[in-house]
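In the block that follows, a single chain appears as structure tokens, in the form predicted alone.
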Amino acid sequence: MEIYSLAERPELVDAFLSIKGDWPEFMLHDPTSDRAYESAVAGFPELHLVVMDGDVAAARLHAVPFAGAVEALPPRGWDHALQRAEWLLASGETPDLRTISLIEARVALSHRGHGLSGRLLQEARQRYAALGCRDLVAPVRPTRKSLEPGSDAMEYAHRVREDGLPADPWLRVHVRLGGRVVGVAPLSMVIPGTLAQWRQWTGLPFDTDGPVEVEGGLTPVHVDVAGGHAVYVEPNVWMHHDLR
């Protein structure tokens, strides 16, 4: 398997975008992602990596230029990073690559279980350092937080095993490669919808006010029956990789 940036192989953009994930349906309706995800792929091809297994796209990594001090990362993680990238593209300003934010690392379902996520992240660290990146940050979606949506996000982020490594597998991959947990982005991704939309996305009735747990959610959805809407606010974990 070979790893390429889309700057090196622009003809692979369709393969990059073709990799299917396993996020729940409602996660595909974040308005910020709908607007800015693919434009960032086109606008910053040198930051987007794809793993090719022959002619098959096996994994991808999405990242964008980022502005902000590591000591004061914003509460809006994923959405903030994508909106910042959108603003850069609209303004025509030359991006400062001293700080880069990862957005997503996705491994095709057919290629999971072979350590590709770690290999891809390690490749990103090396490539971004060569581009002048000093601080690589990431609003990470901890993979097993969905098993306990009622747990406190900060407590979960700092939960460790007996060997001192994070209890969550995806956080553990980051730490093993030199990353560290630096905080939580409590408003990382905000997904609003009408009750009809949420019923379609989840198959649940959404007929009661208050928090409703949904399959795949890291936290409950907040339901307002009288208002006719519900909102999912996802917390992510801020990771930092010092590439200097």
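Computed from a predicted structure; not experimentally measured. Residues carry their position along the shown sequence, with the first being 1.
One more form of this protein exists, namely the form predicted in complex with a small molecule; it is left out here, but the text below deals with it.
Worksheet item: Only one of A153, L88, A105, V137 has a non-hydrogen atom within 4.5 angstroms of the small molecule in the predicted bound form; which is it?
Response: The residue from A153, L88, A105, V137 that makes the contact is A105.
Worksheet item: So which of C133, L73, A157, L116 gets a non-hydrogen atom within 4.5 Å of the small molecule in the predicted bound form?
Response: After the contact test, the surviving option is L116.
Worksheet item: Counting only non-hydrogen atoms and a 4.5 angstroms cut-off, does V173 reach the small molecule in the predicted bound form?
Response: Answer yes; at least one heavy atom of V173 falls within 4.5 Å of the small molecule in the predicted bound form.
Fill in: R141, heavy atom within 4.5 angstroms of the small molecule in the predicted bound form
The answer is yes: R141 has a heavy atom within 4.5 Å of the small molecule.
Practice prompt. Give a yes/no on whether D22 approaches the small molecule to within 4.5 Å in the predicted bound form, heavy atoms considered.
Written response: Contact with the small molecule, yes.
Worksheet item: With a 4.5 Å heavy atom cut-off, would you call R112 a contact of the small molecule in the predicted bound form?
Response: Result yes; R112 sits at the interface with the small molecule in the predicted bound form.
Worksheet item: Only one of 191-199, 38-46, 204-212, 173-181 gets a heavy atom within 4.5 Å of the small molecule in the predicted bound form; which is it?
Response: Partner-contacting stretch among the options: 173-181.
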